Ligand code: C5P
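Below you'll find only one chain, the form predicted on its own, shown as structure tokens.
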Amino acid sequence: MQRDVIIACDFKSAEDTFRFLDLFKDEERKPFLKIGMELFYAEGPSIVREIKRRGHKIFLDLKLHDIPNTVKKAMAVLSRLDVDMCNVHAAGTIEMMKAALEGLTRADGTRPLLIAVTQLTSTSEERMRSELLIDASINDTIVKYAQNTRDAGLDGVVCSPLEAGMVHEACGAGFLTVTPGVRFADGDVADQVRVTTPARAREIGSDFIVVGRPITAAEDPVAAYRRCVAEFVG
């Protein structure tokens, strides 16, 4: 699968979202977009349908994590939105991830890509140990969660770009790594802990990078997007 840049549309309303997307109306390359909790909870499924109508691919980032039966039923609903990628938390166990996959798969056998979050890029090893009581190293934990995700039959994981190489080594080159925590070399890391640049993410082995504020808050978002694509995709 060809690597790509996914813009995180972390806006509070449809109005803000479409004002941003209108900047890209003359772009030959329609950006792949991530719709997260804030926007989806504010606007509901209609925002997904409208963005799809405009020709964008969509990663619906709702990070489902519940008992297997609840996740299965929720995924069956989301599968009708025709998104291109969605996700769960790997911490929900292999059984939950299998249920998610079953719910997401349509009657004709088609489905969006399904990936699982390993550890959020805002989580440090210190916090993982002191607050989550996970004594294994963060790298060992992420690799184990990735292996569980692979064993459940999912397509890949969300991890920081710093872990993409080790995930591929453990789970295979075809196992997708979708990596937030990407900042330009001259940018601010904000609330992210495990971060790197688009160029370095490419070198390590990320398949998709998810980029929010370095593009959405830039003085020229289109130029920032083009820079990101040039550094990551080439």
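Small disclaimer: the values here were computed from a predicted structure and weren't measured. A residue's number is simply how far along the shown sequence it sits, counting from 1.
Beyond the structure shown, there is the form predicted together with this ligand, which is absent from this document and is the topic of what follows.
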When this ligand is placed as it is in the predicted complex, are 72, 111 and 149 each within 4.5 Å of it, taking any non-hydrogen atom of the residue? no
Have a look at 177 to 185, 24 to 32, 46 to 54, 196 to 204 and name the one stretch with heavy atoms inside 4.5 Å of this ligand in the predicted complex. 177 to 185
Residue-level contact is defined here as any heavy atom of the residue lying within 4.5 Å of this ligand in the predicted complex; does residue 158 satisfy this criterion? yes
Is there a heavy atom of residue 229 lying 4.5 Å or less from a heavy atom of this ligand in the predicted complex? no
Indicate whether this ligand has at least one heavy atom within 4.5 Å of a heavy atom of residue 16 in the predicted complex. no
I'd like to know if residue 121 sits close to this ligand in the predicted complex, meaning any non-hydrogen atom pair within 4.5 angstroms. yes
Any residue of 199 to 221 that, in the predicted complex, places a heavy atom within 4.5 Å of this ligand: 210, 211, 212, 213, 214
